[in-house]
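Just so you know, structure 1 and structure 2 below are the same protein chain in two forms, each on its own as structure tokens.
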Structure 1
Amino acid sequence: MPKCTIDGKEVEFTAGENLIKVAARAGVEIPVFCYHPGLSVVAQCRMCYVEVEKMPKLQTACSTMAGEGMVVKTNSENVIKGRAGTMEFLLLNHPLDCPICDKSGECDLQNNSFGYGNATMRHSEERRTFVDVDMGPVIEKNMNRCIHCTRCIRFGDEIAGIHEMVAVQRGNNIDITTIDGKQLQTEYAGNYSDICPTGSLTLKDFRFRKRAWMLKKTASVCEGCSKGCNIEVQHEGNVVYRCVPIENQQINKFWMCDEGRFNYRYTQDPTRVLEPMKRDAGELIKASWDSAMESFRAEISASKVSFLVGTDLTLEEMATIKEFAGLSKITVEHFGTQGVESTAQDGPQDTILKMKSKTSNLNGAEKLGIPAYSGKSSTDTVIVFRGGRAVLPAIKAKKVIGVGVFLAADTAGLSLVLPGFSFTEKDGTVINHMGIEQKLRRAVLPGGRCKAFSEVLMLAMNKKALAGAVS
């Protein structure tokens, strides 16, 4: 393989790699603003200056391809001066509002200013100012913080497939905005905030809610569809504040859709059932686990019962339910997305990430040999196991019992509800539409008196175990 030298280190590279990628492999960081590995290269911020031997001027590392025998310096006196000048220029109009900015603590401008800028500013003129702009249900824009990197414009054009962000006017009067001031139309708008290197494009859902450095981060998998995008659940004090994408070039690259990004909200919905509930005189009322399990056990032993498992459950949960059903000769079927009963019916919903199956483990249910719900069951009681995402089908039975995650709106036809864990509250395995196994990780503890499916089934099998169970 060809080799080049970066800061005295000899590094191998493949043809077509730019100096930023090659330097990173050598452990050398080159600061960037406009460059993003998932977008086209424009080399307009000038932050990635490097000095290349036999070239008279500083070069932008993002647009300079590595060459055989090339000698590159990333920390020479000229490079240091060039980057400091770039930082001074970018900060001419930038407000000093880091204490209230949502990007503070994870801001490229802060990091590069500290690492490569000067401690003093020669500029004394008045900064330009813009008013904040509502760009739709996902994004709010603060143009005062914008450094004109155009990542957002390129994301819309190249990834989202919708030309909605543009640069209006030039120079000091430039404004990055939507065409004719319209609200953002893409269903991937949250990515604008992810790729913005400053706090110019902020998530409304997260705005002013929590400082970034306070958040704990748990790598997991999105349950929004069968794509299985890799995500980071960010939480603090047992509250989830946001979900952001993690790079996985095989599955979701750098992105995620808004549906998956904000899917976590239902897990913290104030109407979520967190206590056992029994129907009495037509109304669901709170019950103890002791009382609820007595009713659950009575239905299993006295009635003709069938199980319905949501394809939003993990493999481990499905396998446990199937094994329990086998011991009692109970039929098991799966449900999840209306109109998508098998992986053969699944497929892309758009050209980016979204899939037709709106649950994460349809493939897993099929691999376990669990058939789709036919709606032809003649059982007296149907017990529904649900992770929270699967859409409840129309069920014809004398009684329907819900085990898992249910909001108040989901309980209209249920005679008994036993609360369970959501996808942010448990570990487990899911299989995406490509057959790739991935792991859910617990980020927060379940609220109320929720129990795992395995514990509920254990209590159903062993009445004596209830006495030692936490109620």
Structure 2
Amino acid sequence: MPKCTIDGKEVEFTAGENLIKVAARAGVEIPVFCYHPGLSVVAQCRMCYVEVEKMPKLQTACSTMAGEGMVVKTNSENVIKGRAGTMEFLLLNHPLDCPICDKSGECDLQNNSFGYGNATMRHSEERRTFVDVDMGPVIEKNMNRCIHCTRCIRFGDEIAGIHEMVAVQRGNNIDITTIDGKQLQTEYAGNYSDICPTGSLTLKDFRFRKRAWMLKKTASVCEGCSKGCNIEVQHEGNVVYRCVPIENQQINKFWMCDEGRFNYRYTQDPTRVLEPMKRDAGELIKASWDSAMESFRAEISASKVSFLVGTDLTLEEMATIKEFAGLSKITVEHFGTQGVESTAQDGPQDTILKMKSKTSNLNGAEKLGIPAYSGKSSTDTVIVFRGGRAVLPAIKAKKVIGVGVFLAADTAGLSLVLPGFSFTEKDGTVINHMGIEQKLRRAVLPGGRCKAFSEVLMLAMNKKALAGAVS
């Protein structure tokens, strides 16, 4: 393998790798703004200067490919001066409103300023200001904070496939915007905020809700479809504040869709059922677990019951339910997305990430040999196990019992609801459409009196076994 030297350290590289990647392997961080590994290289921000031996001018590491025997310095006097110069230029027109900026704490401009800028300011002229247009429900725009890195334009053009974010005018007057206040059309708009290196494009959903440095981060998997995008669930005080994509080159690269990003909201919906509920005279009334389980056991023991499991359950949950059903010869079928009953019917919904199956584990259900719901129930009672995302099918049965995550609106046909854990509240495995097994990780604890499926089934079994012994 060819080698080059970065700050005196010899590093191997593969042809075509830029100096940022190679330096990172040598443990040398090069500051960037416009460079993003998932987007084309434009070398515009002029932050990633390095000195390359035999080249008179400073080079931008993003656009310089490593070469055999190349000697690179990332901390020479020239480099330090060059970066400080760029930082000074970038801050000339920046409002420095960090105290009230949502990006504060996770802002490249702040971080690079801290690391590479000067502490004093030599600029006393008036700052450039803009009046911002509304860009729709996802993104809040603040052009005054923009540093013209054009990541958003390139994301739109190269990843989202829509050239809706543009630079209008030129030079010092450039406004990076949508035109005439048009709303963003892409269904991937949240990424604009993720890649923005300043607080110019922030998420409306997250705005003024939590300081970034207060958030705890749990790596998990999106349950929005069978793609299985890798995400970080960010939370504090048992509240999820947002989900952001994390890099997985095989699956989602750096991105996620808005549907997946905002999917977590239902888990904190005020109408979510968090207590056992029993229907009495047409009304669902709060019940104790004891009394709810009694009703549950009554149905199981009558052996006139069948199970429906959502394809939004983890592999472990499905396996437990299936094993339980096997003991009592109960049939188990799966449900999840209308019209996508099998992986054969699944497929890309767009050319970016979205899949047709709107649950995370259709593949897992098939691997466990659980057939799709036939649409006809031969039993009087159907028990539905649901993770929260799977769409409830129309069920014709005398009685339908729900176990898992339900909002008030989902409970109209249910006679009994036993509340369970959502995807942010449990550990488990899901298998994506490519057959890749991935782990959900518990980020927060469920509120109310929710129980895991395994606990519900255990309670059902123990009492049943106990009852048998007594009689």
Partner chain sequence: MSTPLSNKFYEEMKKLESRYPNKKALILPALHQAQKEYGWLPKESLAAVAEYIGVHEAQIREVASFYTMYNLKPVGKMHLKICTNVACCLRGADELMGFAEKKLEIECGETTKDGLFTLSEEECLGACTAAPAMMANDDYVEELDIHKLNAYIEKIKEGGVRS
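This one's a predicted model, so the numbers in the text were calculated from it and none came from an experiment. Under this definition, the rigid core comprises the largest set of C-alpha atoms superposing within 1.5 Å between the forms. Along the sequence of structure 1, residues get numbers from 1 upward.
Engineer: So which is the form predicted alone here, 1 or 2?
Structural biologist: Looking at both copies of the chain, structure 1 is the one that matches the description.
Engineer: Checking residue 280 here: with the core superposed, does its CA move 2 Å or more between structures 1 and 2?
Structural biologist: No, the C-alpha position differs by under 2 Å between structures 1 and 2.
Engineer: State yes or no: after fitting on the rigid core, is the Cα displacement of residue 344 between structures 1 and 2 at least 2 Å?
Structural biologist: No: residue 344 shifts by under 2 Å between structures 1 and 2.
Engineer: Do you see a C-alpha shift of 2 Å or more at residue 143 between structures 1 and 2, with the core held fixed?
Structural biologist: For residue 143, whose C-alpha is compared between structures 1 and 2 after core superposition, the shift is less than 2 Å.
Engineer: Align on the rigid core first, then pass along the CA displacement of residue 132 between structures 1 and 2 in angstrom.
Structural biologist: Residue 132 C-alpha displacement between structures 1 and 2, core-aligned: 4.2 Å.
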